[in-house]
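Single chain ahead, by itself, as structure tokens, in the form predicted on its own.
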């Protein structure tokens, strides 16, 4: 009989849960939601992420418990919303954790199945949707705390139930979570209608760099911009998702230059245009319409390489359609 996530969880007592670097709403919601559920089973859980939980998700119960320096020994690792081990960042020390079984729970089509047990379901709209199913299979009764965290994951990854992969299954999962006490209106308002002033200032600076090259719209963020705006978080503050709303563009890219010489690249696309293969070719991953990666190099060089790859991918996809 194949080993299942439930079997490994049942046998474990000290569990390390990890989500991907630069965590989004699905990663944070899945991490917290599963952590609360496992605690109800009497498990000792450590919740970890290499990067801080973004302030937008501080409203979620337990967000303050996420650490970037997990201590102690563990008999099970559960990775959430992460397509490969590199995306776990420095919080995953393979030497210290050698031999510890890994449950890999993810919905990215680019997942490389690195776990002892791999539960990868690209038909799920979010990892949180999968975690809800796991919580139910474990027999953990839903409460408002668990439900709020998991609904945050579904809402953010579906952009408020607007992405092309939003399914009846996702809607039914959301209903289940609302019935358990998750405040849908509050979550939607928090993640889509509220943002720090520093984010708005960063957008103002980055939008000055916007260019359109054929079907691709792109912008840049530099360390100087972040300092000037007081922006101290990771990521692009949702800029790529805003750029893809341009009528003239099929692909949006934000090149986010880091102080260490690395460039973080975030990509979005319209339905029917797949950017995940390009992300995978540069060592990243994601979804057909939302993907990204990090790469060492100068911003102009990275920009030239990525735009060329995206143009080629766009041409190939359109010539075959």
Ligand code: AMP
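Note that the coordinates shown come from a computational prediction; the quantities given were computed from them, not determined experimentally. Numbering follows the first chain given and starts at 1.
What comes next is about the form predicted in complex with ligand AMP, which is not displayed.
Partner contact region in the predicted bound form: 266-274, out of 266-274, 66-74, 52-60, 35-43, criterion any non-hydrogen atom within 4.5 Å of ligand AMP. When ligand AMP is considered in the predicted bound form, residue 278 lies well away from it, no heavy atom lying within 4.5 Å. Ligand AMP in the predicted bound form comes within 4.5 Å of a heavy atom belonging to residue 291. Contact annotation for residue 83: at least one heavy atom lies within 4.5 Å of ligand AMP in the predicted bound form.
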